[in-house]
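One chain comes next, on its own, written as structure tokens: the form predicted on its own.
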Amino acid sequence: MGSTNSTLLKIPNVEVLMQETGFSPAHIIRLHDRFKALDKEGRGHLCPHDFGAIKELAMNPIGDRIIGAFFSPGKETVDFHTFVKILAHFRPVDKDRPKEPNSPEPINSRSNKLKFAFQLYDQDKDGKISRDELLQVLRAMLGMQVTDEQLESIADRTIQEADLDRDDAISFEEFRKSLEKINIDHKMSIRFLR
């Protein structure tokens, strides 16, 4: 337990970080070790190319978009706290954790998971998923498995079904409604300790 405490003491504001993210001390230490392993040069921050060492992201057809989600517009680096907060979106919901009155919605709430997923599609950050943005993701995910004509048909049908206000794009609210019956917690969760 001594090394656990000494590692935690090296992380500034670790108590606040655990409170905000819901990660346990063991999770934080494991994430800190992972962060340090990715930060091979010991700079104290990660750049987009550092994520290339994560083979699951390298193999993921939308890995570039996922990596991009770690970085604020105009920023080329991410520190440990930001790294942990982004990963908290993928923490399974703790149904036993009591909700504190007046506390902000947890990072890993259904709504925040959906906002995170929405931004992977909404690349121009205009608050809507256009047909072109949807096609880009479909092309990346399905690639050569289907023809361009089939991809366009899928995109058109998706927008037609989700676009309730008929503006030829999908707003966040429409995105949320279209995924009401999907178990987002299950689809967007990573077990951090195995």
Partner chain sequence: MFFDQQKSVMAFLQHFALLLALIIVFSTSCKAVTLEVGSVEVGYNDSSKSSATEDTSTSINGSTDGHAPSVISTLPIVTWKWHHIETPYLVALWILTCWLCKLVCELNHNVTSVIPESGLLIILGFILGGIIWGADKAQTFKLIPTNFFYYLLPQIILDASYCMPNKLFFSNLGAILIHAIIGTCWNAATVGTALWACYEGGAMGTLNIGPLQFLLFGALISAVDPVAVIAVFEEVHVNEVLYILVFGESLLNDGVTVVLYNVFDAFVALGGPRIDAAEIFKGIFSFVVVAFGGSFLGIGFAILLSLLTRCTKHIQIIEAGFVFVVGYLAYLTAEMLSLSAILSITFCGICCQKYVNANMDEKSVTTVRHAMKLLANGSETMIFLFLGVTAIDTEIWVWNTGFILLTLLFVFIYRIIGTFLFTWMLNKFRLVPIEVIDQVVMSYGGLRGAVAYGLAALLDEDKIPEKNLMISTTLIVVYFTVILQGITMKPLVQWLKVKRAAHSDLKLIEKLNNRAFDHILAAVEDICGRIGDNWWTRGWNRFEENYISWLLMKPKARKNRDYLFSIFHKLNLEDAINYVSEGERQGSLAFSRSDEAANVDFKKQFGSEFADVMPNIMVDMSNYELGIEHFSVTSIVKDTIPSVSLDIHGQDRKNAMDDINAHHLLQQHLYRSRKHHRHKYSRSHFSINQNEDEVQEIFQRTMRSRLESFKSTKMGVNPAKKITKHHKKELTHKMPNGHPDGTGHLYGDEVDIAVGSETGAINSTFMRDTYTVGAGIENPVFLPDMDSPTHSPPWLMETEAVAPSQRAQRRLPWTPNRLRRLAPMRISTCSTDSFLMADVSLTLEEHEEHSQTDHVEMRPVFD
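Positions refer to the first chain, counted from 1. Note that the structure is a prediction, hence the values are computed from the model and not measured.
Unshown form predicted in complex with the partner chain; subsequent notes refer to it.
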Exactly one of 41, 161, 132, 126 comes within 4.5 Å of the partner chain in the predicted complex through a heavy atom, and that residue is 161
Contact test in the predicted complex: residue 18 vs the partner chain, heavy atoms, 4.5 Å: no
Q: Examine residue 45 and determine whether its closest non-hydrogen atom to the partner chain in the predicted complex is within 4.5 angstroms.
A: no
| query | Does residue 87 make contact with the partner chain in the predicted complex, using a 4.5 Å heavy atom cut-off? | reply | yes
Check whether residue 60 has any heavy atom within 4.5 Å of a heavy atom of the partner chain in the predicted complex, and answer yes or no.
yes
Across 170-186, the residues having a non-hydrogen atom within 4.5 Å of the partner chain in the predicted complex turn out to be 170, 175, 178, 179, 181, 182, 184, 186
